[in-house]
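The chain below stands alone, shown as structure tokens; this is the form predicted on its own.
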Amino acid sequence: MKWLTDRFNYLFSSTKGLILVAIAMIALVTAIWGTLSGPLAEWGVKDFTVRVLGMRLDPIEREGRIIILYHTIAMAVVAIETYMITSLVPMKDARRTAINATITVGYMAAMVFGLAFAYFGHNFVFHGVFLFGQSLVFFAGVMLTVALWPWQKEYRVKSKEYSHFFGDIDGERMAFFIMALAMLGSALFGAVPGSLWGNGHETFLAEDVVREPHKSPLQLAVIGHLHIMLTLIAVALALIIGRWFDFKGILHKWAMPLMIIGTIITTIGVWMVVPFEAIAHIIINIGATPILTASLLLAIYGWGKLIRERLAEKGIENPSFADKVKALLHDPLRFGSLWQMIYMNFPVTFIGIYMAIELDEVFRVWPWREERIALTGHWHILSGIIATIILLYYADIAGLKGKVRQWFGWIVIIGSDLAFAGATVYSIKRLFVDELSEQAFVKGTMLFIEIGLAAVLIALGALMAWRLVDLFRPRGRWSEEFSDPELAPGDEIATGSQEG
């Protein structure tokens, strides 16, 4: 019994254990539900999955199923980021425990019962538990926002190397607080149309109504909710990675105000989509600029730190350009987490800006299906990049070292970037080829996508298999993590801004 109790306590009372459980659940859902579409569906795997698991896939309910599936995965991702924040940002132990426990029960209830309702017959008790789980996740967000209140005296900045306002208010803590507050408001922004489902509001996917000239306020709210929640998840992750690298100095003092201002402007812009749709998009684009600039400053700081630390470790006093490049690429996990932020601009930001500028002249001339593909790819690529950054960070705190660390890091970076590049080119293929000549082009880009994603999923599967096997070892790594402080890289970081 003690064998089971020890492992249960590790998985559900330590930060690393909680992150592991959430990643494992996302991986399991991805592995199973991923067989329902794409090449696996074409190969007949979908029919096997549906038959063995007893799924009920009524075609007319497809949109509703997808909405619930996306929400369950998104809430698990929010839970992972919450675990990281509660460990990296100083707060009272009682609050940390309450927040982690509440969001764990919430996302698990929402995931298990939401998917059971959507894919295995419509038991509305399950739907009620799904909504209850979402409510718990929201309440955990309320508690997190209170815990992040930046005006608490015990969490004032004592080192002027870190961003600060009004003398000693922690600028980074302020950024976390604003992000959490914006996420709560944006969750309510999506909950309002959700509460009216079937009562003046019908199920739809955002990409399906893109060419409707007049969208209802509820439709606009759903579209806005989709965009802002994904943006805020990315903002939270950038702040987390900043803590991981102990971001400080002049770049930190510039980045935090930019992140705060950008988060506020972007959030307000999205909320204004309903009453002022036309001008709202301009405000959103204005708000996105300082967020992207802050991320760039983080990457510059982080890469500089990686180079300095590696050169010092190797004892190189007068490094050449090649020495600096080798130092930068030495650790793919830390390099990759920042590289993915920069790379994201190519398949997501720049393409999105181009689509906005040339919308009427180029994209609206295409068949509707092609514009739909471009929009769907846009959202999925951003989600995928966020997932890879989380994986790289987790691999570091899980203790991957040596050649395994190198292989895992580079497989995730190269595999995902290859897939996202293929998806980007595929989504805008009308700029390069006409409909009659596209078949060979499509096959080539799809090959990049499938090979890249397969490589990432295999690496993730190997990581999860290693952790599963480790759980059965009497004194595996899990026991060391359980007895050690929460996040090894974060313990020093979490108190860094408190030291003089």
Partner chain sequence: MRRVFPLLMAALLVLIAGCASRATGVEVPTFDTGIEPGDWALVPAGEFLMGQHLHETMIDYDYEIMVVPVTNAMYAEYLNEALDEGAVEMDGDQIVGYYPGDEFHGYKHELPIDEGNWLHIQLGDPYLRIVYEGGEFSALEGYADHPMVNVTWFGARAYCEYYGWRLPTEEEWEKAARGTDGRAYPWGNDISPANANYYNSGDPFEDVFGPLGDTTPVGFYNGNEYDGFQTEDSASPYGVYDMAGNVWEWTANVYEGTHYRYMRGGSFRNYDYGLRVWWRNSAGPDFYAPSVGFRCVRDVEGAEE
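Numbering follows the first chain given and starts at 1. Bear in mind that the values here come from a model prediction, so they are computed numbers and not experimental data.
One more form of this protein exists, namely the form predicted together with the partner chain; it is left out here, but the text below deals with it.
- Of the listed positions (F139, F276, F132, W366), a single one reaches within 4.5 angstroms of the partner chain by any non-hydrogen atom in the predicted bound form, namely W366.
- Screening L53, I458, I60, V469 for any heavy atom within 4.5 Å of the partner chain in the predicted bound form leaves a single hit, I60.
- Among heavy atoms of G34, none comes within 4.5 Å of the partner chain in the predicted bound form.
- For the chain shown alone, E202 is a contact residue for the partner chain in the predicted bound form, at least one non-hydrogen atom being within 4.5 angstroms.
- Not displayed here, the partner chain is kept clear of A465 by more than 4.5 Å at the level of heavy atoms in the predicted bound form.
- In the predicted bound form, no heavy atom of Y70 sits within 4.5 Å of the partner chain.
- Using a 4.5 Å heavy atom cutoff, none of E161, E317 and I397 lies near the partner chain in the predicted bound form.
- Partner contact region in the predicted bound form: 413 to 421, out of 222 to 230, 167 to 175, 413 to 421, 106 to 114, criterion any non-hydrogen atom within 4.5 Å of the partner chain.
- Looking at 430 to 461, the residues that come within 4.5 Å of the partner chain in the predicted bound form, counting any heavy atom, are R430, F432, V433, D434, E435, L436, S437, E438, Q439, A440, F441, G444, T445, F448.
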